[in-house]
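Single chain ahead, written as structure tokens, the form predicted on its own.
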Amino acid sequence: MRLLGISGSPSQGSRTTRLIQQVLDAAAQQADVETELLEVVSSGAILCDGRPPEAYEGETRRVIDQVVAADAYVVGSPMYRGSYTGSFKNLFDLLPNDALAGKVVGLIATGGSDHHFLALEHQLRPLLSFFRAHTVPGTVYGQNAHFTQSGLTQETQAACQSLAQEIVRLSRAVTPGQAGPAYPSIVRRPDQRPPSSSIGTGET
């Protein structure tokens, strides 16, 4: 099983990344689980410009392929203004619609206080539901009090351990690719780029 951690923080080595790494380390203790970390801030992926996923090249292509190849995920983002970061959303904008279908995802978020806790439910979970992924019911939320100079509080470590165990357990229980009815298919235009700008010039 290939478990990929995706951190949407705009900073390398962030608190969000630390929580994700804690889950990855716990999962790696189980048999036949390989883990990998993807920090979007250093991924090299470009801004999504509306092209279909297969049209991207270079580092963006590599990142898309890395995400698609994983069997399960633990994803996380700091919460700004009640939602995930733009860089986190950009990564998911680049992915094929079926990239996560039928796969299991564990959810993590961080914030300065408990005020953003429910953003896990009304921001992160709906995003993963769009991709028809199976999200673990329990989540990990870390705020300032959950981090210490030496690492994480025991309660937070235990939460990460529990999330890791459930991601692996559910992944082994479900059939890859089976996620219920498919959404309506999207008929793409031959050219997905926005039309050359004639807005405001009087041209039609």
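In case it trips you up, residue 1 is the first one in the sequence shown, and so on. Fair warning: this is a prediction, and the values are worked out from it, not measured in the lab.
Beyond the structure shown, there is the form predicted in complex with a small molecule, which is absent from this document and is the topic of what follows.
Contact assignment for the small molecule in the predicted complex, among 125, 132, 116, 89, heavy atom within 4.5 Å: Looking at 125, 132, 116, 89 one by one, just 116 meets the 4.5 Å heavy-atom criterion.
Output flag, 15, 79 and 112 jointly within 4.5 Å of the small molecule in the predicted complex, heavy atom basis: Contact check passed for all of 15, 79 and 112.
Exercise: residue 141 in contact with the small molecule in the predicted complex, heavy atom 4.5 Å: Contact check for residue 141: yes, within 4.5 Å of the small molecule in the predicted complex.
In the predicted complex, residue 22 touching the small molecule (heavy atom, 4.5 Å): Judged by the heavy-atom cut-off of 4.5 Å, residue 22 is well away from the small molecule in the predicted complex.
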